[in-house]
Structures are given as C-alpha cells and as structure tokens.
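Just one chain follows, in the form predicted alone, and it is written as structure tokens.
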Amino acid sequence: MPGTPPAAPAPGAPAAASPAPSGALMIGPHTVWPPVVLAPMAGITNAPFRTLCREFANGGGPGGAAPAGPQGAADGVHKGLFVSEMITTRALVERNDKTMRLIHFDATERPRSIQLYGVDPDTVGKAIRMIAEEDLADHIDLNFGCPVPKVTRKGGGSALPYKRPLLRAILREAVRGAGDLPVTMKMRKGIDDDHLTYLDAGRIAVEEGVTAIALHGRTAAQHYGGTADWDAIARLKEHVPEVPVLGNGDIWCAADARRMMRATGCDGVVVGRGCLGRPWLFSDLVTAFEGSGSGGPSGSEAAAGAPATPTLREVAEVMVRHATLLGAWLADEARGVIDFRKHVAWYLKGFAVGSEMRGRLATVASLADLATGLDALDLDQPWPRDADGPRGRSSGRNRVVLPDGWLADPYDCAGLAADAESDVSGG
C-alpha cells in the first residue's frame, strides 16, 4: 500500500549500478549514499537491529525477503553506514567474551563499522591495531560524545575533549594504528555552555588525520534534553572544511535530515533516537535523498516521497522479526525475547493499545507469547500521528559528573583513575 515500508526485490536480482551522487559521503574509501549514519546506541545497535535498518535501507521490509548479498554495495555505494554498539578498548584487547560477540558482523554487512571508547592512548592504540591486523572491521569511530555519568566520571566520552593533549594523543595513536582503515570521531559541543570544546576538538582531529567528524548539537549537561543546536554544526563545518562533518540531534524524520543539511551545510547526518521502534526510517531516508536527486538534499518535500506509514499489522511483523533475530544472535530464544522487551513501547507509540496489553507485551517470555499478544490487538489500525516526532530519552541534566579537579586546567591530563579504561562494552 502507498506509504508503507517497501517489499524487498526478488532474491538474487541484480542491483542497478549507478555512479555515486556528487553529494555522497566519503568515509575513507567507502562511498555512502544517502549520507546517513546509524548512531551507536548502547543495547540497541547490535547486529539484529543493524540488520533491520540495513534491510529497510536496501528495499526490504515486512512481508518480503531480505536483500541478498552485501547490501547496497553492488555498485560500490553503501546505502547508509550502520555502526556497532560502543566497544571499550580495554575489553577488546582482553578479548572479553561479550565484547567479541558484539563485534561480530553479518556476512552481508559492509562496511563493518565499530565504535570504540577509551581514555588511555596506549590501550586505544592496541585495540585499533588488533582490529586492523585481524581484519575485524572496515571503519573505526571513536566515542567522545557519551554523556552518562559512569563514563564522564572517569574522564571519558563527552568529558574527554576538554583535555586537549589527551584527545590529541588518543587520536594520534588511533590513526597510526589503523593503517588504511578510516578513523572518525563523534563528539558533543562540550561539557556545558561554559566549557565548549567542539571547535578545538575538530581542529585537533583534522591535524591528527581523522577522516570525518560527527557533532551532536548538545552539551553533556543537556544530556538529551532541550533542542539540539544546529548552528554549532554549521560553525564546525566552517571551522574544519577539510573533512566531512556530520550533524546529529533532533532528526525524527527524513525531512529533518534534509532540513539539517540545508541549514548547516553538513555532509551527512547521524540518526539515533529517531529510529527507535522505527527501523524503516532508513527506507524513508533513502527515498528522501534519492527523490532530491544527486548532489545533495535540495529539492521539494513532495519530490522526496511520503514517509512510511505502516499499519499496526506491519509494525507487528517487524516486531516479531526483530525478536527472532535477537534470539538467533544470542542463540537463545528466551534471552532474545527478553532483550526485545525494551523495544515494545517504541514500536507501539501512538497506537491504541491499552496499558494492560502494553504491560503484557513488555513481559513476554517467548516468541509464541509475543505473537499471541500481538494477534490480540486491532492490527488494522493505520499509522497514528502521535507516533511521529521525538522518542526515546529526553531528559536533561544540570550537572555533569567529572573526575575531581577535571575542569581546573584543560592541559593538565594527570590524575585519571586506574579503572578509567572500562572493561564493559555496550554502554
């Protein structure tokens, strides 16, 4: 039906080759069109969720088979870049079992993209050399944007760019260890409005050989509250014209992505909370950018095509597939269904589903229970207007938890705790 996620092409059907549009995003040797990136999200962007997002970007969807082969790359152009959950460098170097599972990529996943978190240049360097030497990924992103207290209190994530020499040392070791692999970074504006770091950090990144920079237009103090500052993304683009700059923050639909690119001049967008419970957003993004023609996000909204408006029946199909993929990935159906529970509210947002049934679906213990619960709903409901717009976390914080004395001197990098290098991947 018009406006629903599209069915997949016939398995094995050849993809039509076409030259890369002039507005394509270049991440080292990788051509990405449309220029959209799935943001790493702890506990969310594991292999099953990335599979769903890639399938939608490449013409898959509920009721149709997944595209065969390396998705979207038959003509050398990748329809989006889909990044792993955050992997801690210490856990990777120590070959932690959970971490090694998190860095496993499906055979069709290209390019394989890993996000790393680390605060010690030597450990970061070791982890990246391991990735390069063992061919574990095709692209490495470094996390300098996480605002959660358990990360910032150790000087990591969005706290780290305040220490300019430490940031430079980490980036230098990363680029040196990566060899031919492209290294990118994701960051926030700074710790708070009195301690902005993004322009200095962007310049340091360019000087150390980083391939691209993503900026979330919020400070750590804002967390996910308030409105993202797209003007900061425009300022960063002007400040570091040598590399692609990607914008992140408040992209809830494909039209937002195109609007951000027009308003800021950024080279691509990073989509996080907007795709929670809506992996078909990547189908919308492909439609919107391809509808605007090659060369960028200009063009009328009408020409870009209408966003997907799946019925509850179609959403339910995606929910069951998501839970099934999680069970297969974890080699345990029950664990997969339990992991899926956190997605239920996002998928059902806006639909007329009573609180009792929502509670039941959020506590299912098997695929059969999930299917039975969904079958009990009015599955003919059309896509509700209330399902559009912001989703996921939206709270702000007034105070960022930092190591003692962290803000005293941006050039004094002594005093990092011995346990600052976390051994837990995935956030």
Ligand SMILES: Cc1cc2nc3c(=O)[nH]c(=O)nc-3n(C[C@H](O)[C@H](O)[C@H](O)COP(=O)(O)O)c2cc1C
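Computed from a prediction, not measured in an experiment: that's the story for all the values here. Quick note: we count residues from 1 along the sequence shown, nothing fancier.
Heads up, the form predicted together with the named molecule isn't pictured, but that's what we're talking about next.
- In terms of contact with the named molecule in the model of the complex, the residue from Asp250, Glu109, Asp267, Asp284 that brings a heavy atom within 4.5 Å is Asp250.
- This chain lacks the partner; the member of Gly190, Gly272, Gly177, Pro121 within 4.5 angstroms of the named molecule in the model of the complex by a non-hydrogen atom is Gly272.
- Shown alone, this chain has one stretch from 382-390, 22-30, 369-377, 42-50 that lies within 4.5 Å of the named molecule in the model of the complex by heavy atoms: 42-50.
- Every member of the trio Met86, Lys186 and Tyr224 reaches the named molecule in the model of the complex with some non-hydrogen atom inside 4.5 Å.
- Heavy atoms of Thr152 never reach within 4.5 Å of the named molecule in the model of the complex, leaving it off the interface.
- Of the heavy atoms in His216, some are within 4.5 Å of the named molecule in the model of the complex.
- Within this chain, Thr197 is remote from the site of the named molecule in the model of the complex, having no heavy atom within 4.5 Å.
- When contacts are judged by a 4.5 Å heavy atom cut-off, Gln115 counts as touching the named molecule in the model of the complex.
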